[in-house]
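Below sits a lone chain in structure tokens, taken as the form predicted on its own.
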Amino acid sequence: MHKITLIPGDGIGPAIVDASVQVIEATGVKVDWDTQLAGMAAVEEHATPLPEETLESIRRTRVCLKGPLTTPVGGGYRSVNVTLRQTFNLYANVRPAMSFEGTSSPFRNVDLVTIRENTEGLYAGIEHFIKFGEEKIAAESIAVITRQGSERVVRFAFDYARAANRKKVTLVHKANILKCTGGLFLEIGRDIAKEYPEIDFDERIVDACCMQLVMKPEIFDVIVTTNLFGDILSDLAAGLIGGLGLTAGANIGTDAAIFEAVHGSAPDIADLGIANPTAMILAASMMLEHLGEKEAAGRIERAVRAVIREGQILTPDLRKDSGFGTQQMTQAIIANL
């Protein structure tokens, strides 16, 4: 029996999280869910987007399946997702991107994983205004790159590649311009690569990498990069396979792991019953693999791919003339288990 924190989230979150729970239960894996609130749903009940009860649950279970969250505008609230990553030191963000048969994407040969440093860089949130009187004349952000943070995420990428039988790690940087921050990250990557002689090591400047991703995505296997670049590149990779609706992510740390769909809460279609559950269900698959339930995780991914390949019972974002919604697609996936 696995004890797991469950955060339904905002907007379409509750619907797609419920779909994921149904699929997990259909595999036969036993889970004791501890349902907690975060985001706007938590503000309405607890007057904070991240209640202490939710944090304590994750500390206790060390594993969380999280729906998309909305950070309230104004009121001085920090991003809930960034706060979770920093609170639990979830230093590695893992986002696979593999082509799906049955989508409209012209790319059919994408099979890569972006591993993004998740706690440092420009997303550390160290910034301020420079004022002349009351006038804001400039703004500064400080990108923090540490040796410890760089070593652990690069080593994570190589260990991931080794465990997944992947052959190459590409480190993406901007060391030609950012001599100190980018230079340190690149230097550490080169040193660690020597410890994994069986894995090819490649390094690319981020702008060239973006171009090559859309021209020759098949040359990439595992990408490891800094926080901001990873955020951008992983969304680009998602576009190659059909969009964020098909993309799951894992946030991994030493003491906890949080699994999520990487898209937003889509409040414009909340309660319409048409949200695509794919990303959330694939996040559940990643979570089960993390928990050692590899057979069930594989069954889920194969079932999702089968439903999309068959092209019949899909949500409208995948098939415009579809008359089906979240629940019908979920049941089709369960039937394919």
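Please read all numbers here as calculations on a predicted model, not as lab measurements. A residue's number is simply how far along the shown sequence it sits, counting from 1.
Quick note: we don't show the form predicted together with a small molecule, though the next part is all about it.
field: Contact residue in the predicted complex, chosen from 239, 125, 264, 183 - any heavy atom within 4.5 Å of the small molecule
entry: Filtering the options by heavy-atom distance leaves 264.
query: Within 4.5 Å of the small molecule in the predicted complex, heavy atoms considered, which of 52, 45, 268, 32?
result: For this set of options, the contacting one is 268.
task: Sort through 57-65, 22-30, 303-311, 272-280 and report the only stretch with a non-hydrogen atom within 4.5 Å of the small molecule in the predicted complex.
output: Stretch with heavy atoms near the partner: 272-280.
Full three-residue contact with the small molecule in the predicted complex, heavy atom 4.5 Å, for 12, 81 and 245: Checking in the predicted complex: 12, 81 and 245 are all within 4.5 Å of the small molecule.
- prompt: With the cut-off set at 4.5 Å between non-hydrogen atoms, does residue 71 touch the small molecule in the predicted complex?
  reply: Output for residue 71 is yes: heavy atoms within 4.5 Å of the small molecule.
- prompt: Just to confirm, residue 117 within 4.5 Å of the small molecule in the predicted complex by heavy atoms?
  reply: The answer is no: residue 117 has no heavy atom within 4.5 Å of the small molecule.
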